[in-house]
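Only one chain comes next, encoded as structure tokens, the form predicted on its own.
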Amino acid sequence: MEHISFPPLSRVAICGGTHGNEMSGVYMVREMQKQKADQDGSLSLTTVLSNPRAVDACRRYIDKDLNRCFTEDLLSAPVTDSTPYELRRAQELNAQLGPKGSQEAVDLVCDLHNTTANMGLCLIFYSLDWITLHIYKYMKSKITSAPVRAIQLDIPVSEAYSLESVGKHGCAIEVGPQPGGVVRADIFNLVKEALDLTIEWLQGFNSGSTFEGGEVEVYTMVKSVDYPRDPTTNEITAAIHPELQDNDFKLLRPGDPMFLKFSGEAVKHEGEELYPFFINECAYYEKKIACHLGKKSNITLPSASVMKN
């Protein structure tokens, strides 16, 4: 099987509070800062509270969703008096951790998120990133308290809109279910376990360990689905069907119920078999998304190790 090698991955950023009411990342970063965890063996760790104003207000964002502000176009846009706070903050974070796409960028960005959907632990990343996929494979082999999955967004890095795209490698660690503005010990501990394993993998990689390849399961997004709406008022007319609610990543077949109208009738899924995730995510109501639908596939990883001098 093919083998690949990379330079050492020594500069790592752990970010939380990109959405100010997703509390696992907020408290994880604060705890790491309290412990002064800025060096861990071969790693130089940078901890970042990404959206401090939104954290203070315990809101997802102040003016604009920060996690949609990291495309190359937005990062290079001129700042004026009317520039939204989050766009300014995105450019500050890009200067601190990037610049995006450059050799100066940190080696890995881990951005910590919570979802209200019943998704367990998910790593979300762009394109085929062998480093992120190896970390995912390692986590999946070690974590037994919750399902561990990976979601790939097939978007060019220049158009990648979220914070983790600023690093040379990156992933969002998405853990749920947890309501906004709430911290749950089980979810917090799952985030901590995922971070500890990420650091463990990076230290092993930097010290010369070879990580064997193999197959991993990945979900790729196909489309987003909105709630049924009244054509006149645009108000939603249905909720997620009880048979779909909390069943993230369970195969959805044609004819399976998706929504239950407030008038009592079921709305069924039409089209191909797909896997739903981010089902009934609270923050997606404003984005007119009831869930995402994706395909599942297997990716064969090459073995990986650090480049030898």
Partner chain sequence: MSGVTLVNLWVKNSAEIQRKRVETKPFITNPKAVEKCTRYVDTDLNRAFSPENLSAPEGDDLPYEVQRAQEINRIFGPKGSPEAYDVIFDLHNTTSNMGCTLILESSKDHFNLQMMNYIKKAIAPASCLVLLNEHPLLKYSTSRSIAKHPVGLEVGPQPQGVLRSNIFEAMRVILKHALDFIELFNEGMEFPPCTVEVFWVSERIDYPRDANGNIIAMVHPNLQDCDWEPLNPGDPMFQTFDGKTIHYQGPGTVYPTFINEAAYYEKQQAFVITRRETLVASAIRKA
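If you're wondering where the values come from, they're calculated on a predicted model, not measured in any experiment. Positions refer to the first chain, counted from 1.
The protein also exists as the form predicted together with its partner chain; that form is not presented, and the subsequent description refers to it.
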I have Thr116, Arg184 and Leu260 flagged as a candidate spot, so tell me whether each of them has a non-hydrogen atom within 4.5 Å of its partner chain in the predicted bound form. yes
Here the chain is shown alone; which of Val222, Ile236, Ile155, Val225 has a heavy atom within 4.5 Å of its partner chain in the predicted bound form? Ile236
Quick check on this chain: which one of Ser42, Gln33, Gln245, Thr46 has a heavy atom within 4.5 Å of its partner chain in the predicted bound form? Gln245
Which of 175 to 183, 95 to 103, 197 to 205, 160 to 168 lines the interface with its partner chain in the predicted bound form (heavy atom within 4.5 Å): 175 to 183
Ile62: heavy atom within 4.5 Å of its partner chain in the predicted bound form? no
Would Ala266 count as touching its partner chain in the predicted bound form under a 4.5 Å heavy atom rule? no
Distance check, Leu274 to its partner chain in the predicted bound form, heavy atom within 4.5 Å: no
Looking at the partner-bound form in the predicted bound form, is Phe188 within 4.5 Å of its partner chain by any heavy atom? yes
May I ask you to list the residues of 71 to 87 that have any heavy atom within 4.5 angstroms of its partner chain in the predicted bound form, in sequence order? none
